[in-house]
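Just the one chain here, laid out as C-alpha cells, in the form predicted alone.
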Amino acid sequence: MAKTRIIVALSGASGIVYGIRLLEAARELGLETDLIMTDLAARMIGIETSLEPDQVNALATRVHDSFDFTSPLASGGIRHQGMVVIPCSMKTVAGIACGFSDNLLLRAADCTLKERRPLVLVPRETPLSAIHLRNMLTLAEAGAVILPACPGFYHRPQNIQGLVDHVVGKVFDILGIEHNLYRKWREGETT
C-alpha cells in the first residue's frame, strides 16, 4: 500500500517555522513529502531560525528545484493527498490566483487546483489589504483552503511550539491526516 504523499511548498513569507514543523510532523507520521522551497524561503530559514536550508531539505522525502518544470510536480498526473503552501506570501497568493505559473511552486499549485485536490494556503501577512483579500477570495472560490497562521488557545498552549503545532495540526485536519499535535475540542467540554 502506498504511503500518503503531500506536497509542501515554502515561500518567502515570515513564519518559516510553520513549514519546518509541518515537514518534521509529516516525517513523524510516516508521510511522504515533496518539498519545493523558493530562494527567498531559503533566506528566511537563515533569518528566522538557526537552521540551514540543507537541514530543512533533509526533512523531506524528495526535494524539487523551484524552477524545474520537468519535475513530476509540474504535471496534473501526479497522485498526492494535497498541497500546502506554508508560509504563503502575498506574492505567491497573487501568482496562484492569477494562474501565473512562473515557478514550480505556482505550477504545482495550479495543477493541484485544476485536478481538484486539496490546496491549503497558510498566509502569515497582517494586516491584509483589499487586494490580498480579493486574491484569497478568488482562490477560495477556486477550491483552495485559506488557513491563516492564527493559532487557537483553547488547547492551552504552554509555549511557542504549542502555537505552531496548532496551526500545523489544522493543516493536517484539512488534509484528513490523523495527528496528535494539539488537544482537540470535545463536545460538552468547558474550560
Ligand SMILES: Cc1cc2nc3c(=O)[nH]c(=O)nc-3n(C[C@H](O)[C@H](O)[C@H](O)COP(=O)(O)O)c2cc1C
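Quick note: we count residues from 1 along the sequence shown, nothing fancier. Everything numeric in this text was worked out from a predicted model, so none of it was measured.
The next section is about a form of this same protein that is not shown, the form predicted in complex with the ligand.
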Give me the residue from Ala58, Cys150, Leu40, Ala140 that has a heavy atom within 4.5 Å of the ligand in the predicted bound form. Leu40
Using the partner position in the predicted bound form, report whether Ile47 sits within 4.5 Å of the ligand, counting heavy atoms only. yes
Ser14: heavy atom within 4.5 Å of the ligand in the predicted bound form? yes
If we define contact as a non-hydrogen atom of the residue within 4.5 angstroms of the partner, is His166 a contact of the ligand in the predicted bound form? no
Does the 4.5 Å heavy atom contact test between Asp34 and the ligand in the predicted bound form come out positive? no
Within 4.5 angstroms, counting heavy atoms, which one of the listed stretches 26-34, 122-130, 158-166, 141-149 is next to the ligand in the predicted bound form? 122-130
With the partner left out here, which residues of 88-111 have a non-hydrogen atom within 4.5 Å of the ligand in the predicted bound form? Ser89, Met90, Lys91, Thr92, Asn103
